[in-house]
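Before any questions on binding or motion, here is one chain by itself as structure tokens, the form predicted alone.
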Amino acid sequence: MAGAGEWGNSGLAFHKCSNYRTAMAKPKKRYVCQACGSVATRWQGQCGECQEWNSLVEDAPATVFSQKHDLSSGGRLIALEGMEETGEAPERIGTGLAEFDRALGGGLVVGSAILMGGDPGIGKSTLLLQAAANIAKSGRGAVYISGEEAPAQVRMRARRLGVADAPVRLASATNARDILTTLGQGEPPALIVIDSIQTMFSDQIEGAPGTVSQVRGCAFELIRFAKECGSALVLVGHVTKDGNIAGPRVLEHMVDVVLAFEGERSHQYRILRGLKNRFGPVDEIGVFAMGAEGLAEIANPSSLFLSGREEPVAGSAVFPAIEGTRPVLVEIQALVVRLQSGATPRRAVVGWDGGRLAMLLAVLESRCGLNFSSAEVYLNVAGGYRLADPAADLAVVAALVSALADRPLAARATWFGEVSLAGEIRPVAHTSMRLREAAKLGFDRAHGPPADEAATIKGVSYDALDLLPKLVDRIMGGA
């Protein structure tokens, strides 16, 4: 009887499985004759009804779902809230690094997921280890899990940074199941650092670590744990040769904050830039300097990206950039070299968009009559800084004209404004903020588009420009 019962249960299970497979079976293909409309179950060169050649075309019938796959009923009711209802602001955890907190929008949000990308050796692990040490010293739990280094290597870095006494819990693991099981024991930590997500793997997913399915699956489980337990999760991501975060693009959609750690390893300065933030402003930056004892915060980054020389040099213009809510003064340097032969002139750009430079050169030739076609043009943003602000057009043009005419620009002057293809200087946002930062650092002159609010800045003489020929006249006249 037991055998019959087992066979009976097996038969029932087989019957249910058969029904499931029938309901989920792929729709059969059919081929319709375009001449007579007859239907065939397989393709053939000649229609069997009208004898027409090459008239059968595949026509997949519409999929009809059975009642069991209808999603319009059977679920649980969810609560819908009105827009007028107010809720409490999310709780934030300070990292002890003001520049890191600025890029995050005010600190780590409880239960949030953060993705940080950057070139190898730029300082991602150093920054996160310093933040974890500060959080652990404040009495909150911090866990640092590395898939690339052993705990002894992390301890060596901690001793070099002077944070070896911080009660940060370390581990070297790559199995997502083991990590989640360990984190589930006891009180959840306030901060979890996974370095890096490309080294993690799940035994439930086929594929090697770093593949699209593994990165997506492991990130989903780690993010789900962080949101359920109220831990702030930081995932370190590798980058491609183009500077984009490696792995599936959906990874950036899954997290709440995306940070990019930028900088040249030949320079000591590092910029932590926010690319996405569900809890704060986007494009906010934090500035650091890499030293022997780790990353040091830079409270006044404008002083880093200016040359500091007393004598003005031709081809140098100061631009007040806006990064998030922070104004930063940077120096734009241009060099124009005349060619004696018929060689193709070269264009080289560092820290700015090369296509934008080509457009401005064309506008200067067409609207102002300046000849750059027989000269090599080199443009550099000093200090390894990367500009994305469209208001940098006027400063770039000023530096190019100054280098072409070999006339230095006026000392203690700034330039900003967007240039159109018609040679117009268009207004830009945050004029007052730019001028206040310039006045704070001792700049007393500014050139830019017409703006009413500029007159309210005390100590800054504002020269409003509306067309590029007027800019050329100012520079040629010794402005």
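Since the structure is predicted, the reported quantities are computational estimates derived from the model, not experimental observations. One-based numbering along the sequence shown.
Form predicted together with ligand TYD: not shown, discussed below.
- Using a 4.5 Å cut-off to ligand TYD in the model of the complex, each of Pro120, Leu161 and Met290 places a heavy atom inside that distance.
- For ligand TYD in the model of the complex, the listed stretch (171-179, 344-352, 121-129, 198-206) containing residues with heavy atoms inside 4.5 Å is 121-129.
- Put simply, Arg157 is close to ligand TYD in the model of the complex: some heavy atom of it is within 4.5 Å.
- In the model of the complex, Gly107 stays away from ligand TYD, with no heavy atom inside 4.5 Å.
- Contact annotation for Gly294: at least one heavy atom lies within 4.5 Å of ligand TYD in the model of the complex.
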